[in-house]
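One chain is shown next in structure tokens, namely the form predicted on its own.
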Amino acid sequence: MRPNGRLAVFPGSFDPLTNGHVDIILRSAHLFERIVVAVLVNVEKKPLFTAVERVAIIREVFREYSNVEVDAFDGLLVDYARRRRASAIIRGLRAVSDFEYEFQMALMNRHLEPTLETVFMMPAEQYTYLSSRLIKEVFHLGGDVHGLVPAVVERRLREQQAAGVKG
């Protein structure tokens, strides 16, 4: 495989997409010619939003960014990155507690595909405590998530709430 040095993959569940994710995607888009936001499809988990919904939400958020693409994948990330001819994987680090797991994954990915680099990025300070899990928990307990997620995500959360969907 000859990687495309200008393509990076930012994988995740994005259930839901947070402003911390948005921050990393936008900053990555300045470092790489193209970014693929790769939505992980995990059949063993019951997500709040389906993979199709998550892809649609992310596409809506980044519709004005021609160098940001959204796709879904399952299986090994390195296999997906290899198919896309990516040269890098973007991973967000919020805190030191994220580092150990991400470090192990980066080393395993390097073992599986030595040409693939992992680039760690920290979100802007105001988003360092955000996680999709925390957003879901706060929202479902009646907390305000305005300013923590893109407007489309907040709207979709409220629509699900009105429809009585549990997450």
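Fair warning: this is a prediction, and the values are worked out from it, not measured in the lab. Numbers follow the displayed sequence, beginning with 1.
There is another form of this protein, the form predicted together with a small molecule, and it is not shown here; the text below is about that form.
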Name the stretch: of 29 to 37, 56 to 64, 106 to 114, 136 to 144, exactly one has residues whose heavy atoms fall within 4.5 Å of the small molecule in the model of the complex.
106 to 114
Considering only heavy atoms, tell me if residue 19 and the small molecule come within 4.5 Å of each other in the model of the complex.
no
Find out whether any non-hydrogen atom of residue 84 is located within 4.5 angstroms of the small molecule in the model of the complex, and reply yes or no.
no
Quick one: does residue 101 come within 4.5 Å of the small molecule in the model of the complex, counting heavy atoms only?
yes
Is the gap between residue 12 and the small molecule in the model of the complex 4.5 Å or less for some heavy atom pair?
yes
